[in-house]
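Quick setup: one chain, the form predicted on its own, written in structure tokens, and binding and motion questions come after.
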């Protein structure tokens, strides 16, 4: 205790002030380390208990309210800085029932709900509210899931979507075998036979992923959606970086890890690219967001092995996933990794300016006009050198695929190639015909300046 004497020479009051200052420094340092009793942002509430979280992300440093607002700020920053959603858009959210897609659906709904409130409160009501739809791809044809289990999953999803507050959202349930044309017979059996012909576990899993993307594109184009929101988080991107490298897809890797992928007919956007899987799982736990998990099918594919490896790395160091994606992000993206610029005067000026602020560097030296007809990955010009020597349409189709699809999806026996192509959905084969795989005249025109005239050739 400090004395009150004016002639005291012991400086006891100064010692007490120094002890108080040191105690404040210790408490603030503890709060920054995550072991304190207050949130590092608001300095008022208690942080999320460490017993309820797993390692990774910024979960243990914030209270529930600050953690929720911080995660939504990441989502909103990705949406606004990349012009993912504008007031005139009609957005389709891909919903699988997991934590990531559930958070993506909730955040898109929150944005729409706020836009609707602003629209109702405005006098002129000049700024429209973007529409939202939900899509679930039924992949029971490719996985051993009982009908009763799938009925339970579909019932839960319908309930979750119906419980969202207005504006109402339409739920599209699309079986994956519906990618075949309506006139084709036994589409389910064709898909089963197609998957049975793919002997590689990684190839079968990748083929289902590509068919899922075709299904989303079909839903969006048939129902007037111009954006598809995917809930892929940074954990998924980190696994994809390593798995694509292992499968020899390094050339097309920059196209798959950006915020926007507009190479498809309907652009794909990834607003949760900066969020960790642990953070999304914790938000579902805090807000009581119900999720639906499909039964896990044991698989020894490259994708599942890499995911297990990345999860192990994340447990050892919570920043590993961010480091992997940040390192791969230094690769130069393709020109389609941004939303195409809008010149419509009806679109708000702020949206058009936001698009022009995109700082992506276009890689003009890479031609992305040729893509794999199966996975739609950009192809290097060197990969298309053997197309002119091919005769049949099935041979040209096989040569036009990327090396990963050739090795893991296509049959190794050339005699089975024609039968395999007959089992593919018409959308895959027609996309290959619409490209320049079969037009070698255009290729000759491109290199005409480098060809010697017939008069100058050697005798």
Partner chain sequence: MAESHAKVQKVGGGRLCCICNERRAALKRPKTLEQICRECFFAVFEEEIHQVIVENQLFNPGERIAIGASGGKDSTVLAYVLSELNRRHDYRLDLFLLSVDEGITGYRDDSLETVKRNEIQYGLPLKIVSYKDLYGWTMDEIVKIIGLKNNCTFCGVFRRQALDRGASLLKVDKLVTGHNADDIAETVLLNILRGDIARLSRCTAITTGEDGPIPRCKPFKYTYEKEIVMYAYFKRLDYFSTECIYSPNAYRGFAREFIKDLERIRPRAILDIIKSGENFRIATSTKMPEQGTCERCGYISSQKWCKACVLLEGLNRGLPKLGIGRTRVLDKDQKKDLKQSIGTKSIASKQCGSLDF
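Residue numbers count along the first chain shown, from 1. Because the structure is predicted, anything quoted here is derived from the model rather than measured.
The form predicted together with its partner chain exists for this protein as well; it is not shown, and the discussion that follows is about that form.
J.: Can you tell me whether residue 380 touches its partner chain? I mean in the predicted bound form, with a 4.5 angstroms heavy atom cut-off.
T.: Residue-level check for residue 380: yes, a contact with its partner chain.
J.: Examine residue 114 and determine whether its closest non-hydrogen atom to its partner chain in the predicted bound form is within 4.5 angstroms.
T.: Close contact is absent here: in the predicted bound form, residue 114 is far from its partner chain, nothing within 4.5 Å, heavy atoms only.
J.: Indicate whether residue 305 is a 4.5 Å heavy atom neighbour of its partner chain in the predicted bound form.
T.: Residue 305 belongs to the contact set for its partner chain.
J.: With a cut-off of 4.5 Å between heavy atoms, is residue 250 one of the residues that contacts its partner chain in the predicted bound form?
T.: Residue 250: contacts its partner chain in the predicted bound form.
J.: Only one of 121 to 129, 332 to 340, 147 to 155, 86 to 94 has heavy atoms within 4.5 Å of its partner chain in the predicted bound form; I'd like to know which.
T.: Result of the contact check: 332 to 340.
J.: Mind checking whether each of 136, 232 and 294 has a heavy atom within 4.5 Å of its partner chain in the predicted bound form?
T.: So, no: the whole triplet misses its partner chain.
J.: Among 403, 422, 70, 45, which has at least one heavy atom within 4.5 Å of its partner chain in the predicted bound form?
T.: Only one listed residue qualifies here, and that residue is 403.
J.: 327, 181, 168, 163: which sits within 4.5 Å of its partner chain in the predicted bound form by any heavy atom?
T.: It is 327.
J.: For the stretch 299 to 331, which residues lie within 4.5 Å of its partner chain in the predicted bound form by non-hydrogen atom distance?
T.: In sequence order, 300, 301, 302, 305, 306, 309, 312, 313, 316, 320, 323, 324, 327, 330, 331 come within 4.5 Å of the partner.
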